[in-house]
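A lone chain, given as structure tokens: the form predicted alone.
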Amino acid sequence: MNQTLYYGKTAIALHWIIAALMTVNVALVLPIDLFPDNWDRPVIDTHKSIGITVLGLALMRLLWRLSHPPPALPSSYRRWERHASHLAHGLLYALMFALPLSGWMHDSAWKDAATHPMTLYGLIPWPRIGWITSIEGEHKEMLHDLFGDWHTTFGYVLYVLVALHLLGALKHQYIDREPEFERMGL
């Protein structure tokens, strides 16, 4: 385990960029019913582009983490806090992959996918998942609904975990007087 007190610049940058992109993605789709109808497609296309970007950055972050161990948790953390921290971080990593992958799967099962090519930020053609797009009829619709449900559920799990993550950081910073914010470059 790394005995330094702070995360490195690369880990900090990836953390905050992914957090910002995921926040933007939530902010884009939650109020979508309030937007004019002609905004739906551009908003959803931007949401997909950001999701694929998060997937790529999450892969970079995971590879970085595997080759650069995080700093040790402060010795003042109780045993249950250490376990909770590891569990929460593991689940957050899983969600960084599960959310964009389930969204990509949901989009690949969309009945109109063939007539609406996917491009990243309107510039780079992006493939759909071939085995999903090749499914026909009702099975494809069923998968579209299933993957959409997964994507939504993962989103709600993310909201809860982010809230717990923030509350834990605030507790350690202000109640326990540990330099939590400094560890993450704040």
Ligand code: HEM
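No experiment lies behind these values; they were computed from the predicted model shown. The numbering used is simple: start at 1 and walk along the sequence shown.
If you look for the form predicted in complex with the ligand, you will not find it shown, but the lines that follow are about it.
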- Does the ligand come within 4.5 Å of any heavy atom of Thr152 in the predicted complex? yes
- Message: in the predicted complex, does Ile52 come within 4.5 Å of the ligand, counting heavy atoms only?
- Response: yes
- Query: Might Tyr159 be said to contact the ligand in the predicted complex, defining contact as any heavy atom within 4.5 Å?
  - Reply: yes
- Contact between Lys140 and the ligand in the predicted complex at 4.5 Å, heavy atoms? no
- Query: Thinking of Met22, Pro100 and His106 as the candidate spot, does the ligand come within 4.5 Å of a heavy atom on all of them in the predicted complex?
  - Reply: yes
- Item | Sequence-ordered list of residues in 31 to 59 near the ligand in the predicted complex, where near means a heavy atom within 4.5 Å | Ile32, Ile44, His47, Lys48, Gly51, Ile52, Val54
